[in-house]
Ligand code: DP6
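Below sits a lone chain in structure tokens, taken as the form predicted on its own.
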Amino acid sequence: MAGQEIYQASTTAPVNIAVVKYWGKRDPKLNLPTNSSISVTLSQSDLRTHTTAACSSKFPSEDTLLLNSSPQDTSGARTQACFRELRSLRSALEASDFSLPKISSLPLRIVSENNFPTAAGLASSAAGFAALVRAIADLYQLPASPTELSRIARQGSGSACRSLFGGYVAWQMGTKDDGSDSLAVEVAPASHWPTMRALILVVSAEKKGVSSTSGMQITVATSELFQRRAEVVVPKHMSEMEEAIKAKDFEKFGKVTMMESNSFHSVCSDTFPPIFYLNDVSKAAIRVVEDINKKAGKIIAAYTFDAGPNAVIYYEEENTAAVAGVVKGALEGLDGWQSREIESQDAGNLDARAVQVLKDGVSRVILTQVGEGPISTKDSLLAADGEALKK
């Protein structure tokens, strides 16, 4: 048995925002999706989860998880699936090398912090489970690749598998019943297309009305558009999006991103009873993006919405003034602009009613860009005695 020593490892993991959406499960228990998806990993300097994983025989016998200083239930099937799979890999290592400390059976203490609102439609569970899996994998010194770990993270939160990579990431749906081929792979690293930027309009930091998990189940059961989306629309969007990313073709990227968001939300409204994640503020953001593109004479900004009202607007660095600058001109006083040096531009060509709705309904902006995958760090969230550091 390992002594009273405290073993630990810390990592940070990013948020990813899908441009081809994951919606619907063919196996809810294993989080196996009904369609593949593609996302952009966002910079951790703006959106990240920081997690320390520790184990010791001196900890109480139960596994514990603290998120933003608040105790979380670790008995849920998703968290348990991640713990079980990672422990099993460590146990196999210990069986093959007797010199390794026997830590796979020790209770885990996980401490996690987000630098953004949790459950507000900002992909917090994706970053959270990616950080949890990567931190425990580092704690256990597992030789597993990000793709191998993505299979485990997927069981915690589907989109978490994409947060194990930086840049542009595809989650291949797979066809096997056991989910062994439902994995994330890199389409292109952040360095391939580093000029991608994202402006997030945070509409509401409230928890959403219908969770993604229950929303998906209702959609799969009741939407008649859903099957066409899974079988026809998404495969077409997947191939077009991969081509756009590889060619760094923003117009194509933007068109597919917006059509894909529209398709996803159409399926939500075709669900019975209908699910509406977008609100009037979201629709005003769409109008503003359309006005920006109309003035440019081509697609230079692209909106996308996950299962929540927040608008994520992608654009290229060279169009910062025409996109972020114009939005800043319309929404000058909001918190978040100070994170980047962006000059306000004239917003006179934007629909005045849409601008007013945004002024009333957007609480803050987040300016960010394409970024890297999980990063190991020496910065621990635990004190030397194994207790969580007080913030």
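Start at 1 and count along the sequence shown; that's the residue number. Note that this is a predicted model, so its numbers are computed, not measured.
The protein also exists as the form predicted together with the ligand; that form is not presented, and the subsequent description refers to it.
Although the partner is absent from the chain shown here, none of T34, T219 and F226 has a heavy atom within 4.5 Å of the ligand in the predicted complex. Contact check for M196: no non-hydrogen atom falls within 4.5 Å of the ligand in the predicted complex. In the predicted complex, the ligand sits within 4.5 Å of a heavy atom of A18. Although the partner is absent from this view, R134 stays clear of the ligand in the predicted complex, with no non-hydrogen atom inside 4.5 angstroms. Contact between D306 and the ligand in the predicted complex is found at the 4.5 Å heavy atom cutoff. The partner is absent here; in the predicted complex, the one residue of S159, T257, N310, S182 having a heavy atom within 4.5 Å of the ligand is S159. In terms of contact with the ligand in the predicted complex, the residue from T213, N115, S266, T147 that brings a heavy atom within 4.5 Å is T213. Segments offered: 66 to 74, 25 to 33, 330 to 338, 356 to 364. Contacting the ligand in the predicted complex at heavy atom distances within 4.5 Å is 25 to 33. Counting a residue when any of its non-hydrogen atoms is within 4.5 Å of the ligand in the predicted complex, there are no hits in 344 to 362.
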